[in-house]
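Single chain ahead, by itself, as structure tokens, in the form predicted alone.
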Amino acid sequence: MEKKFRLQQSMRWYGPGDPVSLQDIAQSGCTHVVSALHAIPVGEIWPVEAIQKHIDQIKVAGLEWTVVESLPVHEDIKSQKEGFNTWIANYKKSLHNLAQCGLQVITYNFMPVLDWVRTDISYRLPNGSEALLFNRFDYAAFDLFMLRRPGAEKDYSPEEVKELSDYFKKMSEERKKYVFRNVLLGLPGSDVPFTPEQVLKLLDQYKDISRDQLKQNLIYFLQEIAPVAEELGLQLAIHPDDPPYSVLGLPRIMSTEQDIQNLMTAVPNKANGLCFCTGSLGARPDNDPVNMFKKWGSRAYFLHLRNTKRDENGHFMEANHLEGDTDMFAMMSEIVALMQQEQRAIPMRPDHGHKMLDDLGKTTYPGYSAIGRLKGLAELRGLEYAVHNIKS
């Protein structure tokens, strides 16, 4: 009987301080966790001892760690600031150490300064659960009137600046503080938010870097590390931009199918692959994640299966996993077909679940409460089971 290849089901774990424990994840039915060494400063080498200790903690719970999310890229690499090759050398050494310990997929992103951006991390839905939301008006008000980014007004028409000024004046002080805090949230796994001074200083580091230049910097980085990863048997998985367009005037270079095409053409090494995130790609109306996967699924080494819902004003929120703008049934059908065709299981995790039930009121990483992700995982597992049985 022909073997059926199925998704490698996992959840993200932020380490010993994560309110969602390894035991919680094991009870969900997952076999794996996706994790990282968040305590190590960005750019520093991940020692074998620290990696192995993390693996051992995970094994005690009966789980495996094969996907790193993420091995962060230092800002000096992205901007090619003087001395950046030292950070690339550190990155290569970390890859060697991870491979030595048996890790397989290395996730990263090339978003300058900020990782993913949301203006509301507890948007109340009609049923009382909470979702992540990107409100374009709140974001623009932050950009123009809270952060006061130099030159920000050039990114908006005079009419928009006037409308946004009126919008900002109507925001309550409490709302302003809430949006301000959310946009400046630190890197995933960190409880320390950015300060405006830090962000403005980092923005200055990119003031002369165009979108084309940032693309060239990414290509240079990958030309350096992809051969190393290939030799070590590792798969590199770049996460798309979130949101998939410019934020704070910064260029974003992994937002569209053309961006994927350009990167895969420039760095054709087999180790150069994708963390295919249906939510990030789906937040842009001119993207079609299902068709993008049809074309690039062979280079998808890790999947984030989540859904977003856009509106006509450019806002988007995290929808239920089987709802939103991406047809998840069509998506899963393509994934299942590819796994059988290529005879491989693809690591997957549900992403950005709603906060609900007993998790309401608890302190968790935004989007990473237990029950909402468990709901998403159950829906995705059921969907995969149904697709397999329809095809058989």
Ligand code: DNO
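Because the structure is a prediction, the values reported are computed rather than measured. Throughout, we count residues from 1 along the sequence that is shown.
What comes next is about the form predicted together with D-mannose (DNO), which does not appear here.
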property	result
Heavy atom of Asp359 within 4.5 Å of D-mannose (DNO) in the predicted complex	no
D-mannose (DNO) contact in the predicted complex: His354, any heavy atom under 4.5 Å	no
Any non-hydrogen atom of Met111 within 4.5 angstroms of D-mannose (DNO) in the predicted complex	yes
Close approach of Asn272 to D-mannose (DNO) in the predicted complex, 4.5 Å, heavy atom	no
Listed residue (Ser94, Thr107, Ser79, Asn287) with a non-hydrogen atom within 4.5 angstroms of D-mannose (DNO) in the predicted complex	Thr107
Candidate from Trp116, Phe134, Phe142, Phe221 lying within 4.5 Å of D-mannose (DNO) in the predicted complex - any heavy atom	Trp116
Which of 49-57, 338-346, 319-327, 66-74 lines the interface with D-mannose (DNO) in the predicted complex (heavy atom within 4.5 Å)	66-74
Interface residues of 291-311 toward D-mannose (DNO), as seen in the predicted complex [heavy atoms, 4.5 Å]	His304
